[in-house]
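Consider the single chain below, provided in structure tokens and representing the form predicted alone.
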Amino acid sequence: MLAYTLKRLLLSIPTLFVISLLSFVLIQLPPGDFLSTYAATLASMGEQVSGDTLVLLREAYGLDQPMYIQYLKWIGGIVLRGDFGLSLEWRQPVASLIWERMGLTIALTLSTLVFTWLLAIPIGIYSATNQYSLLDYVFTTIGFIGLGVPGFMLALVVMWVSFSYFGADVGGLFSDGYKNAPWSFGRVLDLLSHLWIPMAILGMEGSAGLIRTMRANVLDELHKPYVTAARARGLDETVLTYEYPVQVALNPFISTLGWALPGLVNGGTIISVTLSLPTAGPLLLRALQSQDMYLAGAFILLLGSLTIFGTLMSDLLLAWIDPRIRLDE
């Protein structure tokens, strides 16, 4: 197991290099650059930027250099100094902009993932073991509604209900007194008091499909010959269900962890914008719109890291749950 983990970690280094290269190239594929987008924005507001000013700014930001030179300077700063570059739009180091947002994003992502699994796994098991029962139909109906209703619409409904009937604003992750305050025990408690609303919205959207997946996996296992043989030998039905079919049914469930972590970051962008959450999604969206290549590139690189980490964790969990899987072979 240890040798496999070390091997995967070493293989992640060239993978991250390829991800960084592709992300940097893709960000610069649209016509123009940050300064041309900035000049167009000013022109839409009735302000003009002279061509000489744009040339000087392009030289100051290094945008006049070839793409490969820009990339080598950027990736060299990350590898050698841990410097992700300077955000062109915010005029601040990229690291100072992304770390707190990524921390809040990871906290929201992990809590949503745990909430989703705690909701989807038992409901999926119950629906499979009580097929065509009243609650099975109820959960199936709720699941289809969850799959069909966009998350941002659910967020808008929650905001409207909370404001109209309770006079409360559910936007953001902090109260006004803690938004710009340094981290403290009180700020953590304030975060936890606000975290459950976006967690529930994201979890309801994600658990709908996972319930159907878990139900289908367990049903598929319950009708296999080894279950029939174990039942014929008089094995207790509860032990039979949880000892074998459920454990095997969790395999494809856990294998989705690799894309679940970055998927919650990407898929929650519209919900984060709707709820005014200070997470990574809205800032990444703005960086892509303004062609802030260093900020957007850093976010995409971190999302790639989450994908690699999630895939590794899913492989290790699969080997731990299913003894038939041997990673060292």
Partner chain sequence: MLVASQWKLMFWRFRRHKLAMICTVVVIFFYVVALFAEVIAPLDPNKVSNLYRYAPPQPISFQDKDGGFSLRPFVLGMKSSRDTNTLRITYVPDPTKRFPVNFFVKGEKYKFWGIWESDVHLMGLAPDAPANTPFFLLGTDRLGRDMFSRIVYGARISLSIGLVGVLLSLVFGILLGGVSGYYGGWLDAVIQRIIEFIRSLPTIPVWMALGAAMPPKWPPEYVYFGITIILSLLGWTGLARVVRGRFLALREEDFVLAARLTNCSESRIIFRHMVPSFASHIIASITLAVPGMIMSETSLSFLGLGLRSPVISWGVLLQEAQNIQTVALFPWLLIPGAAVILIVLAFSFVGDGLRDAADPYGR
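So that the term is clear: the rigid core is the largest set of C-alpha atoms that superpose within 1.5 Å between two forms. Note that the structure is predicted; figures quoted are calculated from it, not measured. Residue numbers count along the first chain shown, from 1.
Below, we refer to the form predicted together with the partner chain, which is not included among the displayed structures.
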| query | finding |
| --- | --- |
| Contacting member of Met159, Ile106, Ile75, Ala208, with respect to the partner chain in the predicted complex [4.5 Å, heavy atom] | Met159 |
| Heavy atom within 4.5 Å of the partner chain in the predicted complex - residue from Met153, Val114, Val79, Val188 | Met153 |
| Distance check, Leu9 to the partner chain in the predicted complex, heavy atom within 4.5 Å | no |
| Touches the partner chain in the predicted complex: Ile308 (any heavy atom, 4.5 Å) | yes |
| 4.5 angstroms heavy atom contact with the partner chain in the predicted complex for Val273 | yes |
| Any non-hydrogen atom of Ser164 within 4.5 angstroms of the partner chain in the predicted complex | yes |
| Complete contact of Gly148, Trp259 and Leu285 with the partner chain in the predicted complex (any heavy atom, 4.5 Å) | yes |
| Any residue of 287-317 that, in the predicted complex, places a heavy atom within 4.5 Å of the partner chain | Leu288, Gln289, Gln291, Ile300, Leu303, Gly304, Thr307, Ile308, Thr311 |
| After fitting the core, Thr279 CA displacement of 2 Å or more between this form and the one not shown | no |
